[in-house]
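What follows is a pair of forms of the same protein chain, given separately as structure tokens and numbered structure 1 and structure 2.
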Structure 1
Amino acid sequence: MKNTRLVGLLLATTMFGGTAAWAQTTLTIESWRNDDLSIWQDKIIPAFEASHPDIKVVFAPTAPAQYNSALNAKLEAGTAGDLITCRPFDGSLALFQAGHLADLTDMDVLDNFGPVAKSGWSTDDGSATYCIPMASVIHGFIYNADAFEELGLSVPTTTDEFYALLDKIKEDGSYIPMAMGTADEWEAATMGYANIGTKYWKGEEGRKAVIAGTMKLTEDGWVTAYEELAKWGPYLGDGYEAQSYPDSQNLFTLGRAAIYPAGSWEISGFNAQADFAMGAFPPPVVPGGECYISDHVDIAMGMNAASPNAEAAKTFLEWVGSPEFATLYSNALPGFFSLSNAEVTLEDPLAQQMVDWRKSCHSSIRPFSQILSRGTPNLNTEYWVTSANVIRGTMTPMEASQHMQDALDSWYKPAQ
């Protein structure tokens, strides 16, 4: 019965679709977020289609690790979708320079975003913007609130308190103080170095100084960040050297670890998995220092310059930049915080807690994402390895910093 109705419906659309006043356009979205497939299909796309009945949207994600190469190949061959989910910085910049991404600078909807949000998808001089910013991710620490209560612990605000707290958990022995491994290396870099280090190099100030060539990676802030990271080894679980990213997630959600150095994208997964109360705290400050967080622009959406449905694609992008989308997206995917200037209320308390840090802390993007990972060796990759090495103790903080600076010097000449 249901089938025949469907067939009838299909027949009707094929017969009348062409002659109807509104010819339906189908837009395809390229994305690496295959985890979000159901959210796009069930929540986001229906919301758009309800207000735009003439446009049909298909979300067609690729596996994250293959996304960049697969997208490149599709764009070269001319088979890519109309809408392209944009990686931040150089990945998308290269696509724009190669003429694959359309210039969106003239779109009014871009006024809804601040300069930091747009920096991830603009040319170096900021003259052209080619993707509509969607969301950023924030780093910090998520903790097992039940375990904290059980052991009578309170949330640390300074580094001294933080390490005293870790010592206490370790001494008690019923929980692993922190759930993180070095097997996958990138955790050590983003959830470790970028997370706790931002306060030492003073966020954007230090990051821009390195790009300008007025600061070296062997200088104080960058080395002290490694020095703090070097303390982590003993607080991680036994055999953390072979502990992978999913291992760490499981360790925390099974309630065996007290603290998880986190990215905000974990929130929805943790909400589903963990059966204990959770809280979050920003990276503890140096006593007397100011609070800095890594608030990394992560995801945006642009338009395939060769798309035959440019008008419909622009309509969709207008909607992506709207406050309506910001609220919808941030609530559908707690932990991906909209970059829009529009006021967004989050239903998830943990996500709300993390996004509130923006009010009391300085935000900065990850240190090596912009410009500094443009050459070979790529600093973004190098800091994965050096951060993991520092935690493992196979590299001293000074050696790690020297390695980073040498890698940068081998190809980067700051414009002065």
Structure 2
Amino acid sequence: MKNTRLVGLLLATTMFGGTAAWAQTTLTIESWRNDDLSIWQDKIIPAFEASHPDIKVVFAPTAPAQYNSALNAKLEAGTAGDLITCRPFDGSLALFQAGHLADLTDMDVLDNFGPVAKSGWSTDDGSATYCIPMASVIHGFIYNADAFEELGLSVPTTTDEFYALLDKIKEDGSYIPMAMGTADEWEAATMGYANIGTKYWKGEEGRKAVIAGTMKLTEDGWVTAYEELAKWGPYLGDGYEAQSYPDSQNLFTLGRAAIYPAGSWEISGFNAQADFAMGAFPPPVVPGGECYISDHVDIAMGMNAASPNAEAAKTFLEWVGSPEFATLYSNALPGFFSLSNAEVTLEDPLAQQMVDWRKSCHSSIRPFSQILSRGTPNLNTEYWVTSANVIRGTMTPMEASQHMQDALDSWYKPAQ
């Protein structure tokens, strides 16, 4: 009798335990951020599961270079995860137009994000949004604070002060004024042209005017940005033409350069490698002008339209759009800044310094990332070449601007 009762209790326990397990929904996240696997497993997912014990989350990244092709194959085969980490602009837009990403426009959590934040994952007319924005990267200048103190230098706020500062560093000779090369070309565009040029074309105003066809890339602002970039060569040190991106990183972290034209994603690596104090300043303004920063949308998350777990997936996306996630993600990955309107306090002082620029500067995405990169020639890669050539002195600012406008005119009708 006792044995029968014991067996009954064990069966009941197993059955109830099994019911609990069956009731738990498992969500799988597709992502290219394989470097972040431990952060998701150790910090982000446990925070969500603690308040949602009925939902289990698995982060299953693919190597960045293979992500797009692997994801497309999975979506076509019906084997993709429930949640899709979204790259900005055309790649994700194509997935939405193909019916692979669900329309999230009606989700209330999107009210936590402004139009610039949503621009990377919305249709051209802004009528539909298909991914919840997660983070952006900000451009500016990171500097060796010990070197500045040693040379008695002050952080510049205007372009006049900036070039006077570079002249002083160059004249002293103890440090290379700025660590950047042109061998890989993309740095000249993103940390150069887009970084300092945003103030000249007035950010979103100029970018949208080019898309609308009411402004040409040969007009003031776009040319002026190249004119400033043309001044950089003498400050980049000997042999900068053959200097790669890793070379520039090493020059700065080894203490050989005073200033690094930067993307905020460098923060974690620089913290680990540099043994000197660092600070940051935004792109210096034209005397009497306003501050503009390249605050480029970088990563978001959407829902597989074919997911069998849509309700649980939307619950996770609501959390991704929350202030709790904004704070957690921004601190787990310093330099990847939440796109939420929520106030986020960062533990990393350099990251906090950079994100605070949003309070006093106008934000804009990189100039050719939306729409203008869809044709051939692709302006988003063409400006790598023109920016590098202007620094090298093999193209004049007007030649670079004319090249860009001719490239656009060759395929983009609104610009004609």
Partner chain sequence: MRAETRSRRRWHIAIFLAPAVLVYTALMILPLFGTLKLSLYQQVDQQQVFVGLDNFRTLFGDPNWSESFWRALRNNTWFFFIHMAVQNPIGIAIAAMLSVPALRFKGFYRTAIFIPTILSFVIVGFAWKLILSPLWGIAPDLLKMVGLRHLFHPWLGKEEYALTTIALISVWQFVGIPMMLIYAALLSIPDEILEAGEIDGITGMKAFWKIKLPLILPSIGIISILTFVGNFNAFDLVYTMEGAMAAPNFSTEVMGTFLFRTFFGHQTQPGDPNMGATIAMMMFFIILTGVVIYLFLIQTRMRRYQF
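Nothing here was measured: the structure is a model prediction, and the numbers come from that model. Take the two forms, superpose them, and find the largest set of C-alpha atoms that agree within 1.5 Å; that set is the rigid core. Residue 1 is the first residue of structure 1, and the numbers go on in sequence order from there.
Form assignment for the chain places structure 1 as the one matching the criterion, namely the form predicted in complex with the partner chain.
Relative to the rigid parts that move between the two structures, the hinge contains 297, whereas the other entries in 253, 297, 379, 100 stay over 12 positions from any hinge. Treated as two rigid bodies, the chain between the two structures differs by a rotation of the smaller body against the larger of 12 degrees. Core-based alignment between the two structures gives a C-alpha movement of 4.4 Å at residue 56.
Relative to the superposed core, residue 316 has its Cα moved 3.2 Å between the two structures.
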